[in-house]
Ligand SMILES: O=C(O)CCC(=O)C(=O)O
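Starting off, we have a lone chain in the form predicted alone, written out as structure tokens.
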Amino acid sequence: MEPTREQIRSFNDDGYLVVEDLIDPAAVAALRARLDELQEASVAGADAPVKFQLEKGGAATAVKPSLRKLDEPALTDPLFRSVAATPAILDIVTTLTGGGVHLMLYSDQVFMKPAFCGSEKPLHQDNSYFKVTPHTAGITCWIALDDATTENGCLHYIPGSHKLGLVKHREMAEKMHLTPDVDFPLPTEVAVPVRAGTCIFHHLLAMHSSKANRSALPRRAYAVHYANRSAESCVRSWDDMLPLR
């Protein structure tokens, strides 16, 4: 699925692009079921096949600890790998990162955002973590596995913020998060609610955040970070990445 001229223009202007219904309902259902299995394995203390983080507040107050995040499930799980390699996604990623080169899976994450205790992800630019150069040679595809609403923690963006370049970031509490540390006021964030199966593609410099989930519904999302083979990174080696195209 090649992006239209209007979609490319929108991405270049705003730094992000919303494409609805890119992941079919069967794939969404399969990913949800797999996450249920991983949740049970992790909180039971079993040898989980992927690295994970627990919600700090939820672990202390809930009947069962709640998963906050899974790191790089595609490295070991064929289901996640197949979704990351969805042809329609790769077509869009190839175009938006310059085209004509081999695509690599830089990394991937699942953000669980559980009901009532899903924590906030502060405002940030992905490339403050990834250090991909040039900035245009990588991109994030954020896949909604539940309907993402303003109540359960949908993404918020600052449109056009990718044009600011990579700004200085500071470490937050416990060094889990980075957030912009600038001496000028930033524009207001815009909420981007989407339904399950929607993909949001965003520039590695697009400033974005998600708020805490205070609702009774989870807001799970699969974030896949791509880089093309023309890129460089001081954080990851190409030998550690999966080739996708």
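All residue numbers refer to positions in the sequence shown, first residue = 1. Since the model is a prediction, treat every value here as computed from it, not as a measurement.
What comes next is about the form predicted together with the named molecule, which does not appear here.
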Task: Close approach of residue 142 to the named molecule in the predicted bound form, 4.5 Å, heavy atom - done: yes
TODO: Report whether the minimum heavy atom distance between residue 108 and the named molecule in the predicted bound form is within 4.5 Å.
DONE: no
Open item on the list: Taking the named molecule as it sits in the predicted bound form, is residue 158 near enough to touch it, meaning that at least one heavy atom pair lies within 4.5 angstroms?
Closed with: no
Open item on the list: Please tell me whether any heavy atom belonging to residue 121 falls inside 4.5 Å of a heavy atom of the named molecule, as the geometry stands in the predicted bound form.
Closed with: yes
TODO: Pick the stretch from 233-241, 6-14, 19-27, 218-226 whose residues have a heavy atom within 4.5 Å of the named molecule in the predicted bound form.
DONE: 218-226
Open item on the list: Can you work out which of 42, 66, 198, 210 has a heavy atom no more than 4.5 Å from the named molecule in the predicted bound form?
Closed with: 210
Task: Residues of stretch 14-40 in contact with the named molecule in the predicted bound form (4.5 Å, non-hydrogen atom) - done: none
